[in-house]
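In the form predicted on its own, a lone chain appears below as structure tokens.
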Amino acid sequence: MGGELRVGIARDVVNMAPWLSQGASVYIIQQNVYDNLINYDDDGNLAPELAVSWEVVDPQTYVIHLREGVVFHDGDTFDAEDAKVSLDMMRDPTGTSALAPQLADVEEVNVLDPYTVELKLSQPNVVVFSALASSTAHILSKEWLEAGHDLNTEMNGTGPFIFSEFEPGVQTVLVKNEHYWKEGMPYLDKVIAVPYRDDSARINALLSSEVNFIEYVPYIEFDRLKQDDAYSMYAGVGPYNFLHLNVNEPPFDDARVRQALNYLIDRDLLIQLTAGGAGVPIEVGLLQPDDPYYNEDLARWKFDPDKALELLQEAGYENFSDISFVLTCSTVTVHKDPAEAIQATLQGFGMNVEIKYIDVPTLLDYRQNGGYVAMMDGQSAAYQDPDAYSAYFETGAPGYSTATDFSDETLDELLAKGRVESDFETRKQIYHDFEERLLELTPWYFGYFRPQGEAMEAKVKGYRRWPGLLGAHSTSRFEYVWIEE
């Protein structure tokens, strides 16, 4: 028991707003302060958190049984009223909740007793429980919310650590929750998150013991840290790098141009240049080849300049040099490096590509509100189900569609069918059809799955990394971490 964990994060925390997807650096803060109703076990399976169990009473009635004896950081007791108000906020289509599309079928949330809530659905929805395990499904206090606190600057959860201090650009401090519902946890007295936007500065902070844990380990440091007994290294391939394309702005208002870009940018070369060869090229969509829903017969994105030129000429562009656009990119290394490599690649074919650099707050704003022609980004699936596509491509989804007015009736219909269907083979065919249509529309340049890892001094024990696409969310579990002195 005891000690401080000093964490080097890749960027500053923009704000504390719950229910809004803000990236891995913010998970370290939000998910160690807030709890979900449902989370994942070490194998990536759904597991109880503030809910102890859940059941499907009938196809349109789901009941969630809640944990008793849990208190919020301000001393208020957690009960069904808190779960209801939080669920209502998550499903509110007029707010900023990242989960509103996934929970759109939930028509009512009813309190059955102090520790039971009922979800009444307009139709069956097999992804509700997975959505409630996502990185933004936080539970807040009803009384605290009604008191009018500023959710951007204040936090009050039931998690292992209490939000204590925030100095923009300097540090965010969390302190031990002495009344945490997991008996004997957390072990640490304090977590101090310090932003280091420069990769070299962040790795040097670890090597000099300025911090004893870092996220976003530069890939070139993976092997060195793995081979050095003074450090422990955890990594996986999960997040994806891609380009948002604005389907309403030339040249990307023509699907053939968007498709051409997917043939013209060499994914294998990008992976070599920006990830040391450790990534996985995206040849279909956002499902990795080991995903049970992956459709190998749809794989098509290969480096093929001749095919790219053919598509551009069909769209009315005689040569690559007829294409010009501005590529917007944040200054975060995992965005900046591939953006600059893409710029060099396309300019090598004669395209005129100018990079516009922005800070992370602007990136987050652009994700929701637009303002770009093409924008480099990197994200990871919010939960392990192909319905996670809906966060980007369903009409009104805050991850992409809202920002660009992207909407397609066929995609919407298929996503709706996928949520209702429980038979695996039928469901797999639905997402096959969805991806086939998505590839026809090609709203993005689908890049590659990149390696992402965390490193720590060897004395830092107990860290647990989830498998696959969930790996980037693993820093939400610092209650298990302890320091060997």
Partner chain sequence: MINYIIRRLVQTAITTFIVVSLIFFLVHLLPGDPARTILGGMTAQPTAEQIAAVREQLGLDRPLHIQYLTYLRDLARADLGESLVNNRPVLDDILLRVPRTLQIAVPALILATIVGIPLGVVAARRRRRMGDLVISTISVAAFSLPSFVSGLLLVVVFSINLQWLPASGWVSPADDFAGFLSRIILPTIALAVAPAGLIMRMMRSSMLEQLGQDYATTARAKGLTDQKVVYGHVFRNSMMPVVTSLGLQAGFLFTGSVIVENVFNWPGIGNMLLDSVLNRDYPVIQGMVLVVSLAFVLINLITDLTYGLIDPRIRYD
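None of the values given here were measured: they were computed from a predicted structure. Positions refer to the first chain, counted from 1. Here the rigid core means the biggest group of C-alpha atoms that line up within 1.5 Å when the two forms are laid on top of each other.
The following text describes the form predicted together with its partner chain, which does not appear among the structures shown.
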field: Residue (of 243, 403, 275, 363) lying close to its partner chain in the predicted complex, criterion heavy atoms within 4.5 Å
entry: 363
task: Could you tell me which one of 383, 392, 252, 163 places a heavy atom within 4.5 Å of its partner chain in the predicted complex?
output: 392
One stretch from 148 to 156, 80 to 88, 279 to 287, 125 to 133 that, in the predicted complex, holds residues within 4.5 Å of its partner chain by heavy atom: 148 to 156
- request: Mark residue 368 yes when one of its heavy atoms lies within 4.5 Å of a heavy atom of its partner chain in the predicted complex, and no otherwise.
  value: yes
Any non-hydrogen atom of residue 20 within 4.5 angstroms of its partner chain in the predicted complex: yes
- prompt: Might residue 295 be said to contact its partner chain in the predicted complex, defining contact as any heavy atom within 4.5 Å?
  reply: no
- prompt: residue 256: heavy atom within 4.5 Å of its partner chain in the predicted complex?
  reply: no
- prompt: Would its partner chain be touched by all three of 266, 299 and 433 in the predicted complex, meaning a heavy atom each within 4.5 Å?
  reply: no
message: Given a 4.5 Å distance limit between heavy atoms, list every residue of 190 to 205 close to its partner chain in the predicted complex, or none if there are none.
response: 194, 195, 196, 197, 198, 200, 201, 204, 205
field: Core superposition between the shown form and the other one, C-alpha change of residue 81 at least 2 Å
entry: no
Core-aligned CA displacement of residue 398 at least 2 Å between the shown form and the other one: yes
